[in-house]
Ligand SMILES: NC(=O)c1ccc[n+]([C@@H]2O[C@H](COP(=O)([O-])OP(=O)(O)OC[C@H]3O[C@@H](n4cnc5c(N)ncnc54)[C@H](O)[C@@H]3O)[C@@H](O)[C@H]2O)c1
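Single chain ahead, by itself, as structure tokens, in the form predicted on its own.
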């Protein structure tokens, strides 16, 4: 089976491609290598994947309908994993247009190409941020969507568009909502890499909402395995699935764990709540546990230890920190 994987140079995309290659799938990886964060870092991930003979990389922008159609025609993929998107909450307030084009328009182009070329399965990675702020936990998949930032709003719109377009086709659509994914090869704007960078540079670290955000941290390796396992699941009535460890923890309790394994420490400056950020994420994972028989999520201590060991041993840290994102 041939799989088209968009956003392959990204954090989750890289890990999913690695997992699928382990399982002997043939991967056509797409990415536009944009400069939201270091393109050198993204290229580094691609070079690792290229060591496997079953991996092919194509630099394509999903907004280019002609190139996308030619790629489908030439490669004839069976399945699509759509992970490409413009991430980041704070950046969405500064540059909203890029979220409309890179998330909504790009997804529409991919949908139309998938229908035209008779794709069998289409798996979309949405986000837990589509739920917005909730009072009842854990959050189930049928909970009402109330996104509070533009990134989340575009993800919600993509979900609605996918359901609408695929309704009258035989394509097996599944939508996944990961919760606070972390781990090795993470994006440099994520908490672990930003904190470690500040600690190594002996700089202060800002802890927003005074560290009282609660997050359902989910290790990236678990996410990749779950997504890969779903390939053996046929068409079912339920199309939407949370991917989460269901073990929420406050951010301020994460900091001592990072300090323990990194043997570094930052001066913490407490800051107020930031507009657009969810106060608490805590998902219900019963559906995925049942459907793909995934029982054991990576413990937060083990996941942080793996992440820190990877970061500290990463030889050329300069390639991690470039381009538009401010850390």
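Since the model is a prediction, treat every value here as computed from it, not as a measurement. Positions refer to the first chain, counted from 1.
The form predicted in complex with this ligand is left out here; the points below concern that form.
Enquirer: Using heavy atoms and a 4.5 Å cut-off, decide whether 133, 214 and 284 all contact this ligand in the predicted bound form.
Expert: The answer is no: none of the three residues contacts the partner (heavy atom, 4.5 Å cut-off).
Enquirer: Only one of 242, 114, 85, 245 comes within 4.5 Å of this ligand in the predicted bound form by heavy atoms, so just point that one out.
Expert: Only one option qualifies, and that one is 85.
Enquirer: Spot the stretch among 298-306, 276-284, 59-67, 262-270 with residues whose non-hydrogen atoms come within 4.5 Å of this ligand in the predicted bound form.
Expert: Only one stretch qualifies here: 59-67.
Enquirer: Does residue 34 reach this ligand in the predicted bound form if we count a contact as any heavy atom within 4.5 Å?
Expert: Residue 34: yes, in contact with this ligand in the predicted bound form.
Enquirer: Any of the heavy atoms of residue 190 lying within 4.5 Å of this ligand in the predicted bound form?
Expert: Yes, residue 190 sits close enough to this ligand in the predicted bound form that at least one of its heavy atoms falls within 4.5 Å.
Enquirer: Report whether the minimum heavy atom distance between residue 30 and this ligand in the predicted bound form is within 4.5 Å.
Expert: Answer yes; at least one heavy atom of residue 30 falls within 4.5 Å of this ligand in the predicted bound form.
Enquirer: Does any heavy atom of residue 12 come within 4.5 Å of a heavy atom of this ligand in the predicted bound form?
Expert: Yes.
Enquirer: Taking this ligand as it sits in the predicted bound form, which residues of 131-155 have a non-hydrogen atom within 4.5 Å of it? Please list them.
Expert: Contacting residues: 151, 155.
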